[in-house]
Ligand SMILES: Nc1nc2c(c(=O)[nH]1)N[C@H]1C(S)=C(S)[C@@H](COP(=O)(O)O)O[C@H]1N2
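Quick heads-up: it's one chain on its own, the form predicted on its own, in C-alpha cells.
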Amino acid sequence: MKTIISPINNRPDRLPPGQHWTNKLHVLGIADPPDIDLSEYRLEIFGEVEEPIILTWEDILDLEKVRLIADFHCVTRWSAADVEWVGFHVEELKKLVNIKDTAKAVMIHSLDGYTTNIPLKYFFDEDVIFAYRLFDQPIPEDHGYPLRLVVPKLYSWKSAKHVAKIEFMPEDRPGFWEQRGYHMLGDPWKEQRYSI
C-alpha cells in the first residue's frame, strides 16, 4: 500500500494562522451519525460524466488502497497533526467514469443531508482521498463512517463525512456551510473562514 505524506506537513508555516494544535480530532457535525448497513450502502457518481455509476461497499474496497498522513485543520481554530487515514485516492474515480470537459467542481453529498463544494483543481490533488479507516481502525460513526473525503489543504468542513454521492458540476455552487456564510474555498493559510 502506497503512503502519501501531505505536502502541508512539510510547510515552514505548518500551523496556519489563527490555529492551535490539539491532540485529538474533535467531533463537529450537523446531525447525529446516520445508521448504515454496509450491505445496502451505495456511492453514486453522477453529473458531468459520460455515464453515471453506483458503487457497492465491495466495489469501494476493491479500489487501490493508499495511506494518507496529513495534518487536519478545522475552521473552529484547532489543528491535529499527522492524522492517518486509509482509503482510495480521488484519481481512482477517473478509472471509473469519463469526466466531461465541462466539469469545473464537485459537490459532495452526505447521508445526513450535508453538502460541500470543491473546485476540481483542489479535488484532484495529490493528497486527497476517500477514507474508510482512521488510525488503522474503521472510521468511527462520529468521524464519518463509512466513507469520508479528506482534503488536507482546505479547512476540514470540506472533508465531508458519511459520503453518499459525488456530483461533478459545470460550475462551482455553494454547499451547506457555504450557503451559511462560509468561504467558497476555505484555504487555512489565507484564513478563508467566511465569505463576508
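What you see is a predicted model, and the numbers here were worked out from it, not measured in a lab. When you see a residue number, it is the position in the sequence shown, counting from 1.
The same protein has a further form, the form predicted together with this ligand, not shown here; the description that follows concerns it.
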property: This ligand in the model of the complex reached by all of Val27, Arg148 and Ser159, non-hydrogen atom within 4.5 Å; result: yes
property: Option touching this ligand, based on a heavy atom within 4.5 Å in the model of the complex, out of Cys74, Leu96, Ala81, Leu120; result: Cys74
property: Interface membership of Lys153, this ligand in the model of the complex, 4.5 Å heavy atom rule; result: no
property: Touches this ligand in the model of the complex: Glu92 (any heavy atom, 4.5 Å); result: no
property: Partner contact for Asp142 in the model of the complex: this ligand, 4.5 angstroms, heavy atom; result: yes
property: Contact label in the model of the complex: Asp112 to this ligand, heavy atom within 4.5 Å; result: yes
property: Stretch in contact in the model of the complex with this ligand, which is absent here, among 43-51, 123-131, 56-64, 160-168 (heavy atoms within 4.5 Å); result: 160-168
property: Residues in 168-192 close to this ligand in the model of the complex, defined by a heavy atom within 4.5 Å, in order; result: Trp177
